[in-house]
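Form predicted on its own, single chain, as structure tokens, below.
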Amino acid sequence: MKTVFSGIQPTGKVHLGNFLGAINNWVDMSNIKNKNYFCVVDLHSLTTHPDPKKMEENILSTVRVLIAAGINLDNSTIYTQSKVSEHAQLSWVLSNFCQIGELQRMTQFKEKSSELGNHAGILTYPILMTADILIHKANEVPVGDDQTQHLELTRNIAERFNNKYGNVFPIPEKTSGKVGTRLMSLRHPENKMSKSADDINGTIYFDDSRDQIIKKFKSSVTDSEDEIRYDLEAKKGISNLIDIFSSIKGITHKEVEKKFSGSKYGEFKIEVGETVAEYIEPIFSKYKSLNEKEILSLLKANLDIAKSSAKETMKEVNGLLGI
């Protein structure tokens, strides 16, 4: 049985990009006889200096969304990162097996340091991510292409530790599951769809109404042509809409092009918007029906499972280190 780990930040409301880029994949994997750990990585969110009260709300809301999306709770452990102190403990240990230059070369460090400030949390972020993966000795990690560099660093750190202390950690692989779609903003298709408020009109949130969704798609940025064709260089906006439609419907880009051959952009936008609204509605409906007490009870039970696994790993690591 393989162990799978993946995480999601509670930095804002879950959006369509989270579903099509990661959560759908998690749902699929949760229905396979794996040992799945799906973590709300709130420690990573501290790099944004979040409001404490909002953080608490976002954590609970994120867990509710994961459950509403259909993750199989029989095969999955959903928990909050900060409640398992072993994540941070292992991160400190593993920082001694990573070079500063490696961290400085990270693409996301260069991007985030200019956006959030050049502080140490941004620099050491990938080491905590490595600890997240290795604390449960994960074999597979479902990540998008933008996280491949981080996974490579995790593999390098695990190999260095193993070379020094024996075969402790599996060398994690990128998941063999389907690759998630990297959705872009409807208003700024050169940028990723974001949880941030400044891109509210370019982002489809899980609790948007049908009318809100259709309105956002109607106002989505495209190009001056009127040909529905997938071309990431020349037609970023239309390509993004094709990505969304093909991901939800489970068809190829070519099939989308064929289906909408001869259609106008306005018609295509409305069709994609209606498709997204139909996809989102049952998730939000399930979200609203979930009992908060039941969720808190589930989190408590899951926390015991996660802590047991993490403690076992740290006991082994500490024994090898002599601490």
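Each residue number is its position in the shown sequence, starting from 1. Predicted, not measured: the structure shown is a model, and the values here were computed from it.
Although it is not shown, the form predicted in complex with a small molecule is what the next lines describe.
A.B. asks: Check for me: heavy atom within 4.5 Å of the small molecule in the predicted complex, for each of A69, D243 and T275, yes or no.
C.D. replies: Zero of three within 4.5 Å in the predicted complex.
A.B. asks: Given that the partner is absent here, state which listed stretch (81-89, 146-154, 98-106, 225-233) has heavy atoms within 4.5 Å of the small molecule in the predicted complex.
C.D. replies: In the other structure, the partner sits against 146-154.
A.B. asks: Does the small molecule get within 4.5 angstroms of any non-hydrogen atom of S194 in the predicted complex?
C.D. replies: Because a heavy atom of S194 falls inside 4.5 Å of the small molecule in the predicted complex, the answer is yes.
A.B. asks: Taking heavy atoms only, is V317 within 4.5 angstroms of the small molecule in the predicted complex?
C.D. replies: So V317 does not count as contacting the small molecule.
A.B. asks: Does at least one non-hydrogen atom of L134 fall within 4.5 angstroms of the small molecule in the predicted complex?
C.D. replies: L134 lies outside the contact set for the small molecule.
A.B. asks: Heavy atom to heavy atom, is L299 within 4.5 Å of the small molecule in the predicted complex?
C.D. replies: L299: no, not in contact with the small molecule in the predicted complex.
A.B. asks: Within 4.5 Å, heavy atoms only, which of L183, L94, I213, I238 is in contact with the small molecule in the predicted complex?
C.D. replies: The residue from L183, L94, I213, I238 that makes the contact is L183.
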